[in-house]
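This document starts with one chain, in the form predicted on its own, laid out as structure tokens.
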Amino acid sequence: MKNKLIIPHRIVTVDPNNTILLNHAVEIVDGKIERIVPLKDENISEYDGEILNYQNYTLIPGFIQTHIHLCQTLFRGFADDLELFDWLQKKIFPYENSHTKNSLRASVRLGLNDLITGGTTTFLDMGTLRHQEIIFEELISSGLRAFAGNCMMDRNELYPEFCETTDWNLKSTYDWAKSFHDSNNGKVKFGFAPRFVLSCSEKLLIETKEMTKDFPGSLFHTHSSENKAEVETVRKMTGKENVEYFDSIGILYSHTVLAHCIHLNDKEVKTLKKNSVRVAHCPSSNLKLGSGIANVPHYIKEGISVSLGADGAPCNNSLSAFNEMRHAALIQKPIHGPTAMDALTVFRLATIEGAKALHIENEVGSIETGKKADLVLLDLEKADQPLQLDNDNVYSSIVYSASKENVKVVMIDGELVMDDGRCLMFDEDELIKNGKKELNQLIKRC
């Protein structure tokens, strides 16, 4: 692998001091950031390696999303304007249940293309019930950094066809974890993923948590307290609040990632903090499904880890980290005031805080010496951006004004996966053509 020297206009490091650098270059050696050097100290003409000159672009860490459903990308636009239970029962469960290996592969590739072109380089995916090996094959082929696992379900009152036995879930999960955890030179890791309380027996939840001990560095990933009807149903089933129930059966710990956490009481918030649980905040999904607004400023004030995820395309219609940042900031301001969830705080949620949620903050999430070169270059010199862009308003520019249209270059381990605004991993026309074919066939199967 040839050494690279990247020369951007600006470097937004997201280091502990939130340093922003001008007139600096980043050297990449063996996929890692070797050094960050002032240009005045570097003799460019004598550099023995590849020089990538991006002097009009802003260099940032790749975005990290902590709750995604790649299997649902094919259903974008086919499950709109519904609340959660109707959305699951009438649309998502029938669609996911009808996936073949080919339709699942088409869905995953569409999702990966969406993530790459939006500047996401690492994510946590919930998978689906069957054919999980397809998702792992595509993750490995794409080169993205990911945690993933099959979505475990051993009961389903909303759509009974879409579940398997407890033993099947446990055996299949263990086999997939053995095959794919720490694969692709450690870039792909396992995230054990029982879907939520209403689709999982207590035995399944407890034994899955035990299973994580055999796979160091893995995660326990599930949904929690997303919808008022869900919370009420869990209360009737267990006699407890959602987080209280999880705590009572011992599945909350530092490697637990709970998606949503909208409807929590004070005791539950304290429980999350006590167990160092990670919260994956999905504001666009929560708005579109009418689920509510999580009290993220309070969680952050309490020292709870919060990061961002786009969720699945049908509950959001976009997998863009930019959308999640913008919504994460804006929805809190009418409640907590205009200074709540400032742009810097939100940008950190999409980068280094995402890395902390996944326990890989020593590898990615910021631009610092020794970290993996998972990098994104943005063109912020456009008419839809502040015309006088400086270090004081660059976070505002990214969070409030930018979109995936501003993403020009994406690197993972220092290797280009997107260049000049074009994804190098997929032929988008072919993705669309094949996706339409598989979607039409899937709908006929439902």
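The structure presented is a predicted model; accordingly, all values stated were derived computationally and were not measured. Residues carry their position along the shown sequence, with the first being 1.
Although not depicted, the form predicted in complex with guanine is the subject of the following passage.
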| property | result |
| --- | --- |
| Sole residue of 374, 125, 324, 226 within 4.5 Å of guanine in the model of the complex, by heavy atom | 226 |
| Answer option from 209, 195, 187, 109, heavy atom within 4.5 Å of guanine in the model of the complex | 195 |
| is_contact(residue 285, guanine) in the model of the complex, heavy atom dist at most 4.5 Å | yes |
| Partner contact for residue 87 in the model of the complex: guanine, 4.5 angstroms, heavy atom | yes |
| Any non-hydrogen atom of residue 280 within 4.5 angstroms of guanine in the model of the complex | no |
| Guanine contact at residue 74 in the model of the complex, heavy atom, 4.5 Å | no |
| Per-stretch contact check against guanine in the model of the complex, the hit in 308 to 316, 249 to 257, 326 to 334, 359 to 367 (non-hydrogen atom, 4.5 angstroms) | 308 to 316 |
| Residues within stretch 151 to 166 having a non-hydrogen atom within 4.5 Å of guanine in the model of the complex | none |
